[in-house]
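Just one chain follows, in the form predicted on its own, and it is written as structure tokens.
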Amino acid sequence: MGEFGDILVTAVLRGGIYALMALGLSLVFGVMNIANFAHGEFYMLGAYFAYFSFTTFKLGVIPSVLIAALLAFAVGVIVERGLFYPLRKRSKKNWLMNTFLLTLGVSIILQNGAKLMWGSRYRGVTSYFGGTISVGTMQIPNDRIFAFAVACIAIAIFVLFLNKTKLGRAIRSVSMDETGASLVGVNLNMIHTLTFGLSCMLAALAGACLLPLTPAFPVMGINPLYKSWFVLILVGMGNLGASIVGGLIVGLLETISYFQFGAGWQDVISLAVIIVILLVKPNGIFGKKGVKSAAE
């Protein structure tokens, strides 16, 4: 029972961050039909922004994390207006492939831009809070508890935003019927820009919160990107509520794999399960059209 409790706690803590990352990726795919392969680079930017806010400008933990999220949102807005908006005006055909190639290019540019500006060395902090909390037989760092708490709060606020606000309902309507939403007066360009910015903000939150555990470096976003895609493929694209559940499922799969088979088996087991799911149910376990909130 003690080992089972350890597995469950570790899975939940890991799955919360996966859910936060997958939420942003699912949002931008569901609303804009963009397979964003630069999503991990906004995780990386969040870590760098939090690092400089915390170490150079001597801000507190919460201000550093919030500033990282807001700066990533601003960068996302600039990228969307500068790249995706012109592409949307000029290229309606092969949109998914064109945007895939574009996000791949953005990923490479951001990685090398970070390397040029900040070098290749790791930039991290020893801890945000220090200390540990005893949970069963485990000693869990306070920093990991903080990251999980921020992920839960961010997910809850985002779900409320989608369900209870006019802008949130507009985002959902665009995801389900873009033409219909336009006919009733929804500003598609504004919704697309807002959606992409919010997606980048969620990724940056994850990177900023995990800075004490994963220091900032230019290619740190690759692994979180893979985990986000694991979640989306497993549960189905564009379903936000399922992305939250999927993050916990992937966290559980990886934790069990690590406990049972050792390091290095996490991705193997996750990919094997995803392959089986794709063969049995190609749209994912909860695959549906449009962005669905966790409340549905």
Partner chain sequence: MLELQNLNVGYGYLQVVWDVSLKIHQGEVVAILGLNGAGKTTTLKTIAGVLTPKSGKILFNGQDITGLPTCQLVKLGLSFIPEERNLFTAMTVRENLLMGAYILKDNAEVKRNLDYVLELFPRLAERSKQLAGTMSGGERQMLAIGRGLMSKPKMVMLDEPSMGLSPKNVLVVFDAVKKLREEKVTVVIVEQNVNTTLSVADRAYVMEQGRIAMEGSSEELAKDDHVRKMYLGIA
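What you see is a predicted model; the values in this text were computed from it and never measured. Residue numbers count along the first chain shown, from 1.
The following text describes the form predicted in complex with its partner chain, which does not appear among the structures shown.
S.K.: Residues in which of 99-107, 199-207, 125-133, 162-170 have heavy atoms within 4.5 Å of its partner chain in the predicted complex?
M.R.: Contact criterion met by 162-170 only.
S.K.: Is residue 185 near its partner chain? Define near as a heavy atom within 4.5 Å, in the predicted complex.
M.R.: Yes, contact at 4.5 Å.
S.K.: Residue-level question: is residue 181 within 4.5 Å of its partner chain in the predicted complex, judged on heavy atoms?
M.R.: Yes.
S.K.: Whether residue 176 contacts its partner chain in the predicted complex should be assessed with a 4.5 Å heavy atom distance threshold; does it?
M.R.: The answer is yes: residue 176 has a heavy atom within 4.5 Å of its partner chain.
S.K.: May I ask you to state whether residue 213 is within 4.5 Å of its partner chain in the predicted complex, using heavy atom distances?
M.R.: Residue 213 lies outside the contact set for its partner chain.
S.K.: Scan 156, 138, 190, 145 and let me know which has any heavy atom within 4.5 Å of its partner chain in the predicted complex.
M.R.: After the contact test, the surviving option is 190.
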